[in-house]
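What follows is a single chain, given as structure tokens, in the form predicted on its own.
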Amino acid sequence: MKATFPNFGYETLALKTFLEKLGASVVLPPANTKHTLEMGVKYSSELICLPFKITLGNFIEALNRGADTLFMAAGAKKCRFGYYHYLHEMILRKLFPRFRLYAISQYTPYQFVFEKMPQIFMVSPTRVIYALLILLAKCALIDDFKCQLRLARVLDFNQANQIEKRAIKLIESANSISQIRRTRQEIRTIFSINGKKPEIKIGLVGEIFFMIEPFANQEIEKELSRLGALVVTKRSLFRHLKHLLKIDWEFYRFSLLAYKYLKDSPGGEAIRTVGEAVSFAMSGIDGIVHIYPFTCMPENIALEALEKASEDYDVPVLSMSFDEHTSRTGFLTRLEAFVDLIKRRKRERGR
């Protein structure tokens, strides 16, 4: 089995290790580029959202590299994400003669460990449990690394970028619980950077693929850090896996916070988007940036709720949608203006 899956930010490293622990040979697509997007756009419907086009481009590039087994997450309820794998397969069957595509849906933990994974990889549930533990541990490591990186970028942007490359190599080679523990300590040590305290904090919320994959969001975290803002976010694959395993207690708090503004889930991550934003506002955050794919129905509904929350808590909110036509110049201009507004607002209130 030569397995592949779409790129998913830094978390790609954890997913690769998971499949390798189950016995697969992993063929990763190349890092996302303009060519990746062009391939996805070429074979996609015009109005389908950007994550679909990027992931389709990933599959085309991976199949060209020799992959024969594709893995794609599958959503549920009212979001189009639940149809991605059907459409992917229909399109790819016209381009490639032989491959298998497995949709990894939102199974119960029992189904995932004792039925789906053993059937696909022909391994015991014990091996699946071990691989899952490694996946969770490595996702937690990456979550911790990203928190360290966000702070380091504000303190010393150039030094943080150099350390980032070294840290990624350490994460990539950490494939056991003991190695992951040692790597966590080593990363915390190398990220010990001195510098001035961040002037402002900005909460980042939105659709999960856009939150995690830098190519999709035009590296918004890096750009905010370059402008002197400390990015605060609650979204990661580690937290999402905890949610699927029904052990993400923080999600229930976000649901309660969101209820005033969004009483019924429209699908996707809309409830979490609103709940996280309200939580940030209550904690005294300076501003909130909301990112999502153009035409995304759940996040467009969340947008209306965020506007009401912004008024109630007097916190500026910038909502930004993306598709393949999004201008890099326009994106940066809006971001710079928003950060300048927040800084000026904070200085005036501090008088």
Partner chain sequence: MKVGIPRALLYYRYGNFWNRFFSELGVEVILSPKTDKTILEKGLGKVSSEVCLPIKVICGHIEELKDKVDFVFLPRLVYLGDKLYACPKMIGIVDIVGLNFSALLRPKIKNDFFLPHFQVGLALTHNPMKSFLAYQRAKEELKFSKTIPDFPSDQPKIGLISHFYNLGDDFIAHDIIATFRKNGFLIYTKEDLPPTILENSKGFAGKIRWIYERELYNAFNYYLDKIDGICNIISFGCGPDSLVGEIMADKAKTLNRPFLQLIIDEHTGRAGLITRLEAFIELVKKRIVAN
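Numbering follows the first chain given and starts at 1. This structure is a prediction, so every number in the text was calculated from the model and none was measured.
A second form of this protein, the form predicted in complex with its partner chain, is not displayed here; the remarks below concern that form.
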Using heavy atoms and a 4.5 Å cut-off, decide whether Leu63, Arg93 and Ser327 all contact its partner chain in the model of the complex.
no
For the chain shown here without its partner, which stretch in 239-247, 182-190, 145-153, 81-89 has non-hydrogen atoms within 4.5 angstroms of its partner chain in the model of the complex?
81-89
Give a yes/no on whether Glu38 approaches its partner chain to within 4.5 Å in the model of the complex, heavy atoms considered.
no
Ser321: touches its partner chain in the model of the complex, heavy atom cutoff 4.5 angstroms:
yes
Is it the case that Ser45, even though its partner is missing from this view, gets within 4.5 Å of its partner chain in the model of the complex, heavy atoms only?
yes
Examine Leu262 and determine whether its closest non-hydrogen atom to its partner chain in the model of the complex is within 4.5 angstroms.
yes
Checking Val317, Leu28, Leu303, Ile54 against its partner chain in the model of the complex, the residue with a non-hydrogen atom inside 4.5 angstroms turns out to be Leu303
